[in-house]
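In the structure tokens that follow, a single protein chain appears in two forms: structure 1, then structure 2.
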Structure 1
Amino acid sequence: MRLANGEGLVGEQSATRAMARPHASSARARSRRETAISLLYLLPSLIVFGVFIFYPLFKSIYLSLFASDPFGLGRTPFVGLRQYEIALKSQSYRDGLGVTVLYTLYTVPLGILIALGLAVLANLRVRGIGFFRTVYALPIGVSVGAASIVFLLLYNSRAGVLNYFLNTLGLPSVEWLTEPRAALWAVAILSIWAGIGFNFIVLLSGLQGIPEELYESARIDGANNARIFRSITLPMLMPTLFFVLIVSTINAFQSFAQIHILTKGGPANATNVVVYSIYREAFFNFQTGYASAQAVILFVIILILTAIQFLVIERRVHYA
């Protein structure tokens, strides 16, 4: 009797496993099918990323291991990391890194603060605020090249509008693009203006995502506007601010068009950022291998800065 019961129990378990196998196999087949469909949808993006991001990246790493001939038409035998060593020991390259860091410090904090102030004003519920939101966001629709041409006219030392206003106020004219101390600030002002549109839209969307109930509760408790902004708005906006900080820093390190149009790295290399140095090495000196080594170093620097920002700043970011 016990044996019969045992055999019956074993038989039931075997039957259960036999019934479970088709379900498990169908689940695996369904999972593989869903994965294949997902990859099919992602295929266009993967192709674009592969052609325009991953292939140039690996190609630059490959080229950096070879030295170009004097005419830039071919490559000499493998030189390994020699060009990285040359770049890191080069005083001009280190100066370019210093200019890039200074340019980033000029543009990123001011750009975020100005965009944040405009976003707070545009978040007010008053009549006609839609017009001001449109005006504040307009720079995002202007290309950097077109904006650089306009600012080139504004910075003209003789006929520029900026010097006209300075002279009207009794102040001397400024050589915006030929004075080393003023040139980097001139480029930075253009970059801040060009980036305000994107930063404003992102920060305004973050502000509008904050629940209104939090503000109403704070006002009922007697909190003033400054306390509300410090205790509610900023903490709730930190994820958006963190995103804007990351993107703005990367864009600052990659700035090129405005510098090429306004100053071409001058005067006296005062605006010769790393990207423009790479451009000159590749297309004027025909040193594609050396330029690729500089580009890879810049990529590593941006990667390290981004990692530091995630490790240090993100700890203070609280996601709702």
Structure 2
Amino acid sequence: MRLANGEGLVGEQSATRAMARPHASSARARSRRETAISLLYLLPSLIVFGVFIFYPLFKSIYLSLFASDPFGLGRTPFVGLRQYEIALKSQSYRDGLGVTVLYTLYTVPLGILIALGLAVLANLRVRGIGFFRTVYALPIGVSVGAASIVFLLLYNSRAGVLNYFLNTLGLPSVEWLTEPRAALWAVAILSIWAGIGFNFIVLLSGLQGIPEELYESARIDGANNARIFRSITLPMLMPTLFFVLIVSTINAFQSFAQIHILTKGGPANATNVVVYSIYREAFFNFQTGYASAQAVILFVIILILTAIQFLVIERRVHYA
């Protein structure tokens, strides 16, 4: 039998022929060929990951061990872990970490809860539900950059419509982007809005994956809606919720555009998340080494957080 396709670089033997001659050596040769061909399939992805993910990861660690020369004279002395020490001891870096954690706590739980509510609503079988599903998914089509500009309009203190609503309700105006405590919430609210589309789509598809028979038998047993939600919907949805939790947390830690457009890290560093300070350190102060050390620390924190999420929460996740 001959190869019919153009991939015959390695000369794959057909399965039948190998089976007809079950010698140990030919079986080994076959498995080696199988591996070689499989690697060819993986090669395009591996090259991209190698050049743009794995190499830069190690390069970042390497860069973090050298001090940068802001004057571009090419002197970059080896300083070992000094820059890690400086970062961890520096008040502004710690504040940045604090802001990042706070921002994550503001956005992730609320973002998931709202999307879950919408998904439960959109999973009801009523006429015209398809329209509402599209509407709830719509924010996924609006880039964080474009959404930030729209919210800039809403938050505007002079003519902003958000303060107008607050005033009509008898509440005082809020200086959304210039009052430190409000600014982080302002960024968080926008991020929640921008993230709803993705969370909604994933959670809705999770809900639709729950077998109808489970609901039917629960109803026959006389369970009410709240009971059904607690005993069937939530446990069955756990893997999906877990997926959304991991993705949202990683996204929150990487937020950039909304901060760049709305606050530029201000006021008084109230929204200066670590990613933003890395950006400024690397591309404005040209402290590449120090910025790399900050990035590596953030990477380790995300890794630990994800590991904790896997160890603590996934154990309670029930995979059907």
Partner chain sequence: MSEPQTFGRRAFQLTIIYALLIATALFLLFPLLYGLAISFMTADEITVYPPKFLPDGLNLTSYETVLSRLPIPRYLFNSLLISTTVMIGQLVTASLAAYAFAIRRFRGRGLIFGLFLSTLMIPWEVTLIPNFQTIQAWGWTDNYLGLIAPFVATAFGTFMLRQFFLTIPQELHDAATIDGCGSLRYLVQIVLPLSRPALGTLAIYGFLQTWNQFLWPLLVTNQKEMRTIQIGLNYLLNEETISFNNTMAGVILAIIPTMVLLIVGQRQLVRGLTAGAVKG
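C-alpha atoms forming the largest set that superposes within 1.5 Å between two forms make up the rigid core. Residues are numbered by position in structure 1's sequence, first residue being 1. These numbers were taken from a predicted model, which means no experiment stands behind them.
Only structure 1 is derived from the form predicted on its own. Summarising the core-aligned comparison between structures 1 and 2, the C-alpha atom of Arg30 is found to shift 3.6 Å.
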